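Both blocks below hold the same protein chain, though in two forms, and each is given as structure tokens: structure 1 and structure 2.
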Structure 1
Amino acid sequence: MTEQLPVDVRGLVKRFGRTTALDGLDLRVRRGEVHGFLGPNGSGKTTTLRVLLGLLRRDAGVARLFGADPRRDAVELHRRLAYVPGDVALWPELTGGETIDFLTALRGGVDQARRDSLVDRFALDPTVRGRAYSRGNRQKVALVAALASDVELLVLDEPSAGLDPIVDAEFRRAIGEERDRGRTVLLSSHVLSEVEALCDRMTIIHRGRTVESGSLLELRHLTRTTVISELAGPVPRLDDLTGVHTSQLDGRRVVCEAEPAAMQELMRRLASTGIVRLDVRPPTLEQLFLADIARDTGVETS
């Protein structure tokens, strides 16, 4: 292989004393993709990113950035990436502008025009001191510093938490541009609509373990589609179909969830009665998320 994966994590284990934060986590990010990293609170997203940055040691498993060791080759690797922490703390006496220039200078200089346009686009006042920024504005300072740097990989920990809708839209546009420029983005989030809108592929983790990984399309194969239908006649019998769960039935209206394998038969039966209206919804990420987690918890408890 000539191309090294930007992020390659296999069987990563990290313990803090008696708590196991990461318990055999897998994460693979390909070059040039925007990768969503999803998981509930405390599932180990931040811990994984901090291991990848060499801030934490790993207890077992493999963690590689561009094929290199995140701790041994930290300085070299950090030339190629920029990080935005989840909870950005700034230096209280430095202004936003000074902080951006300091961070970009550490990463080896910045294109001033690009920096200024980002400051404008994110509607950031660079003359305010760190202690006076609101949470969203602190986030913006770190984001501008990361986006303005000329790097191959962006590591963003819940980047849009705290941003208002207008800035959030701007942020999404900026990520789109980064992808077009060929940069790789690893982005953790709880905001599922954001991941749906932004990411090419995603990895879902729970309790420090990877539950699911792939493109949204691939993951959708695994779960149920919601079918809402109004029929011409009385609803036919559906409860003998395996893989179909009827959740609502009133007269001629039916709401059910169907697994991919049962779709064909469900549609045939509904059509035989005569369909007046049909609404078929692909699974939302929320459903994916809850289904995965339910399965994972089920495995653990059984």
Structure 2
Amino acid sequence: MTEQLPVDVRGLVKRFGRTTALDGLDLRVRRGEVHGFLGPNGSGKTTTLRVLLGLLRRDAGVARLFGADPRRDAVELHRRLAYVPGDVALWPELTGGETIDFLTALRGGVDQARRDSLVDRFALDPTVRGRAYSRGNRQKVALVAALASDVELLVLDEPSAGLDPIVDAEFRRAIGEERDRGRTVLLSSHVLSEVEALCDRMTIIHRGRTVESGSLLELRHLTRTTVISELAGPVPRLDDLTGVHTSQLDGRRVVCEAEPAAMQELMRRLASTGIVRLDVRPPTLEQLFLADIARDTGVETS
């Protein structure tokens, strides 16, 4: 029997009146990976997550968690997953520790040692009541509860919002540990550096549709590599090379952008003059993101 994907979304459609929030969206998350879910505000990320959590009913398409229906099988599925929204609301009279214990009890159980370790690492005072917490501390409560729960899938929607840099670094380390333990993570984020650092694969969406999906290495074919070189002799002719775009010449220093197919010939010509210094910068996630949005909208982003 084929193993069921933790998240399997195909052709998902969701409408709110005359507004189509999701327009045939596809999203597949493999077991044991950290999967980034990227898109600008209003692209449909939160709507997708709410369908997967059983909070919204889909209008068309397929949405499955571990092969089960998010609405029909919500009770069973919510024992196997933990969700952290981007702006956490807590019970005002419960302390942070009581909230963590309550949430973990609703799921598959708690790793007590990890719970206590995360409380220390996130610098959380668990004796404070929910009404007294700042936004960042409310996020910490939800993150500790999720990361300490004995679940198979973490669904995180802008989870680091409100965290200070020190706690954010701990959060990133904790997600790396979850990957090492074989946990599956679906991470929706606007922080491109966070996704680039943490995610094995990613899906980029825009206007309710999937634009691209794959690993960062697989998606880097979509844009150009920046090459900065200082040469021993005069800069060779480059303007006749298809796929090489020279942006700056300064004496024996040249800065250009090259498409993958042109890299070998570009390196050959630069080496023919003698390379003193070379800096090759692959496209960043931000460049990929902007390139994908440009393709989807037909508007240049550079």
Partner chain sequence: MTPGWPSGTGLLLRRALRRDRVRLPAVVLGLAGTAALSAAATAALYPAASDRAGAVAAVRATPALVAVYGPLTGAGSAGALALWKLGTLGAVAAAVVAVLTVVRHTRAEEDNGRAELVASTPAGRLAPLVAALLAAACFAAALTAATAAGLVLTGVSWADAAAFAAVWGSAALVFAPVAALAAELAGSARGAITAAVLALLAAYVVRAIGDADDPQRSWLVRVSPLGWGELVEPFGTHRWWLLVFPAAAAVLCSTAALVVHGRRDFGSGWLPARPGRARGSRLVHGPAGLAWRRERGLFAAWTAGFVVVGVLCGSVTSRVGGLVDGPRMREVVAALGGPQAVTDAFLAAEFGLLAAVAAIVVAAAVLRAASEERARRADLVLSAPLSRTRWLLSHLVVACVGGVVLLAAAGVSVGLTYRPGSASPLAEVGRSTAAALAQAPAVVLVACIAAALYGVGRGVAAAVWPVLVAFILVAEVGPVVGAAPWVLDLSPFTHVAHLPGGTYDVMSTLWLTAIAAGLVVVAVAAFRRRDLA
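All values derive from a computational prediction rather than experimental measurement. What we label the rigid core is the largest C-alpha set whose atoms superpose within 1.5 Å from one form to the other. Here, residue number means position along structure 1's sequence, counting from 1.
The form predicted alone corresponds to structure 2, not structure 1. The two forms, fitted on the rigid core, differ between the two structures by 2 Å or more at the CA of A232. Core-superposed comparison between the two structures: A262 shows a Cα shift of 3.1 Å.
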